[in-house]
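To begin, one chain is listed below as structure tokens, in the form predicted alone.
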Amino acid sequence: MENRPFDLLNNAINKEVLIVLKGGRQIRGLLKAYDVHMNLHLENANELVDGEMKTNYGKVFVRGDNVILITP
């Protein structure tokens, strides 16, 4: 049973997640790692605009203080 936010993130490791950042940017990718500051390491990451892929980043590090929402 998931009781804590980090349990949800831990269950999302090696799965695709959607990240919404400050300013409305959205990045979708494979969650490889995270830390207590919500810094995220994604692989196969793409920026989305209106639900469509705009930019392919590959590997990306997202600083936790920019994260608004993470959905597995």
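Don't overthink the numbering: it's just position in the shown sequence, from 1. Just so it is clear, the structure is predicted and the values come from calculations on it, not from any experiment.
Quick note: we don't show the form predicted together with a further copy of the same chain, though the next part is all about it.
Student: How about residue 60 - does it come within 4.5 Å of a further copy of the same chain in the predicted bound form, if we only consider non-hydrogen atoms?
Tutor: Yes - in the predicted bound form, heavy atoms of residue 60 and a further copy of the same chain come within 4.5 Å of each other.
Student: In the predicted bound form, does residue 30 come within 4.5 Å of a further copy of the same chain, counting heavy atoms only?
Tutor: Heavy-atom contact with a further copy of the same chain at 4.5 Å: absent for residue 30.
Student: Examine residue 48 and determine whether its closest non-hydrogen atom to a further copy of the same chain in the predicted bound form is within 4.5 angstroms.
Tutor: Residue-level check for residue 48: no, no contact with a further copy of the same chain.
Student: Going by a heavy atom distance of 4.5 Å, is residue 39 a contact of a further copy of the same chain in the predicted bound form?
Tutor: Yes, residue 39 lies within 4.5 Å of a further copy of the same chain in the predicted bound form.
Student: Pull the contact list for 53 to 72: residues with a heavy atom within 4.5 Å of a further copy of the same chain in the predicted bound form, in sequence order.
Tutor: The stretch 53 to 72, when checked against a further copy of the same chain in the predicted bound form, contributes 57, 59, 60, 61, 62, 63, 64, 65, 66, 67, 68, 69, 70, 71, 72 at the 4.5 Å heavy-atom cut-off.
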